[in-house]
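Before any questions on binding or motion, here is one chain by itself as structure tokens, the form predicted on its own.
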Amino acid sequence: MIDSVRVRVPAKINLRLSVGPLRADGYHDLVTVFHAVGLYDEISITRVGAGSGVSAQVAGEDASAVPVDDDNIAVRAVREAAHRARQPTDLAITITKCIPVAGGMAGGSADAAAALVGCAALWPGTLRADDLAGIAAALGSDVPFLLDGGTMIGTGRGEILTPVLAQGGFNWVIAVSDNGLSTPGVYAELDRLRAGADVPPPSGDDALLRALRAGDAKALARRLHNDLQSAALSLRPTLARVLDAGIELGALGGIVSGSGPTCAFLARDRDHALDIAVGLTTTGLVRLVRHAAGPVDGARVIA
């Protein structure tokens, strides 16, 4: 019997995020292109004594900003997986953060995906792939993608996935700002900015998909698009200076990642990315800067 498992899970960037009008249920239809990048959280799940229940602790960057009760999506993922697998919930979860918290890179969703993969490894044969996908979709729009990673088109709320061919790899510079942004708050600001406008349904971009198939970083940079970017900039105007700084330092393109405030810049190659990262670090506009390549696999057991 396995007593403990450790899972590594990447962050995501939305290469394209097209947001439809507000639905009656409070959600929006999306067409997005998810891209998993090598900026990782790690989760350990360990069996503990009977009657202990689920406990969680968080270490690493921004650890104090992450809840350790049922407000933590990874805790909810473990509870739901245990219920589905008919297993006891006497488990200790340790989350080591590197993905920015409330940064638009799906850090919480990544932890939930890692927790589901960890539970499947802890209880072999009890959870099928479709069980994990169903739990993931119920937990959040980004969780299903982070089970598999790579590059995919997401539709619906983002949970309906279609793989995309991405030739070779791409090098990114991730610029993390102080203080996160609430995803619901950014969507609400987008709805406010759009008030009274005729909002079209969300759409894809064939040119972006061709750039991915060709492994053409320059062409991809020209097609980066995020409907939430205007709302993030409205709530955090200083992000415009970060985006301008990345382009001035030679990035092929830049974009607010998801609901922000993290910004992602596309580079020609690893050396170019490192040069941009050094330059952004000296601007004083961001809290920290990371290099990350993509696409990478989703949540995977590493120990």
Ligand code: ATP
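Quantities reported herein were computed from a predicted structural model and do not represent experimental measurements. Numbers for residues come from their place in the sequence shown, where the first is 1.
The same protein has a further form, the form predicted in complex with this ligand, not shown here; the description that follows concerns it.
Contact with this ligand in the predicted complex, judged as any non-hydrogen atom within 4.5 angstroms, is confined among 66-74, 23-31, 49-57, 235-243 to 66-74. Heavy atoms of Gly108 reach within 4.5 Å of this ligand in the predicted complex, making it an interface residue.
This ligand is not drawn, but in the predicted complex it has a heavy atom within 4.5 Å of Val101. In the predicted complex, at least one heavy atom of Ile95 sits within 4.5 Å of a heavy atom of this ligand.
In the predicted complex, this ligand sits beyond 4.5 Å of every heavy atom of Thr151.
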